[in-house]
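Shown here is one chain on its own, the form predicted alone, set out as structure tokens.
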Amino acid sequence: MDATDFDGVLVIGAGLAGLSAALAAAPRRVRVLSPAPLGEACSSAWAQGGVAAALAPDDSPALHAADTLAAGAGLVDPDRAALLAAEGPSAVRRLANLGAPFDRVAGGGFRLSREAAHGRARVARVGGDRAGAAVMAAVIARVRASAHIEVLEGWSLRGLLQDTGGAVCGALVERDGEVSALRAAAVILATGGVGGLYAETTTPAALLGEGLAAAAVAGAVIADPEFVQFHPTALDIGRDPAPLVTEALRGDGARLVNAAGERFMAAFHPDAELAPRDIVARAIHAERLAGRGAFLDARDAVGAHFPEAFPTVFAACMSAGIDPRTAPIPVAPACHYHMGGILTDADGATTLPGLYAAGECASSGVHGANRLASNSLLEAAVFGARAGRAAARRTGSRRPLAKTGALPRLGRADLRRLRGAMSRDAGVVRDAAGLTRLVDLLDALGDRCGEAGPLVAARLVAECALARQESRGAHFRADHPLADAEARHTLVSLEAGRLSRKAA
């Protein structure tokens, strides 16, 4: 296949991480490839809570970093957490300067909220629960006005191009059923997470881990893929994807109750509703399994102010015939965020020359086993910009292309089967029997469909979850309920279609 040359940076994905990278790469030419119009089909635009940063007088980057380390259950890189927290305030101000209309207090300061596992109120919000959409609107406007950026909508990733030395030098991309090869000086993957692999998810269903899979097939090292965060409070009304019920509601005093109106979180953690997400998710999961149901009661905490305080959640509830001003909200855990991903350094560089990653598809070291609430948009802004600056400095490879091919597609029926199996066997609570059953299904689907991207991504999650015989953070094994004394990372690569473990 002939390749079209582009002497610039190719960014694949157009959430906050990808667009932050594109802006930061200036004045280097950038092409942003997005499978959907900008602002659609990306988790960034769906984020409700806000952006966490040490912006208050009683807060500091050191305190933010400490909360990030504590939430990550021993697997957060302390230096990366310190970097994220130190660059957090300037990142929020940069977004505000682009036009993101963060909520303000009298005098112009940021109105800050406290969310689960944060020791301070440090989450900058927009209109209660509209942070993601508002931030993305401001960033998209700047991207469209930037002369160095070309946006190509309707293009999806099908694989990576590599030269004869193994360096990544472009991508195979598809539009309207036609696959093209686009060579570039550097490639930044910002393709989002794996939520679409699960039957219950709060993310766009199109997010199937295909950037993660393409990097793995090319030989990149993948870190901690078994760690998948399940948001405790998705709106339980049978929709796909499930509407998110923001954690900020619990920060503002909403309480979790069962069908009898009894609060249950105090039995699981002293911080009750403000416990880390993995604990809250498992508590709700247990209450629902016991037949008692789970509901978020915001009648006293928010009440009549719901329409203006949390308009997105209010609209979702009302569309299902639930008035949260007068009735508790039915909730259930759902796949929300992938902490694992393509291993990167502090500048987004992966283990493959020429390939960078940022945002949810990357493992930058700041989330560990359990992401701290509202650190995701912050990580996208901070590490997306760092990846953009680093990729802009790279000179393109002149070596010949090695033989490469597009990853096969997975049919709709097989994808439905996969999603059901992932939710059942690699969900909030796992065990060896379920994970083995899931791996057997992946083997059968792989024999028929080949290295389809969703199957590769699912295999990374399933096999590494089976190998981790302990419970840590968001990874809970019913057959191994305790954490090991030593926290250890999972580092793997794909060799001849099999996962090969690397030294941590």
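From a predicted model like this one, the values you see are computed outputs, not experimental measurements. The first residue of the sequence shown is number 1, and the count goes up from there.
From this point on, the text means the form predicted together with a small molecule, which you will not see here.
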Contact flag, G49 vs the small molecule in the predicted bound form, heavy atom cut 4.5 Å: yes
Is N370 close enough to touch the small molecule in the predicted bound form, meaning at least one heavy atom pair within 4.5 Å? no
Contact test in the predicted bound form: E247 vs the small molecule, heavy atoms, 4.5 Å: yes
The small molecule contact at H336 in the predicted bound form, heavy atom, 4.5 Å: yes
Of the candidate stretches 56-64, 41-49, 432-440, 27-35, the one with residues having heavy atoms within 4.5 Å of the small molecule in the predicted bound form is 41-49
Heavy atom within 4.5 Å of the small molecule in the predicted bound form - the one residue of S363, T350, S376, T201 that qualifies: S376
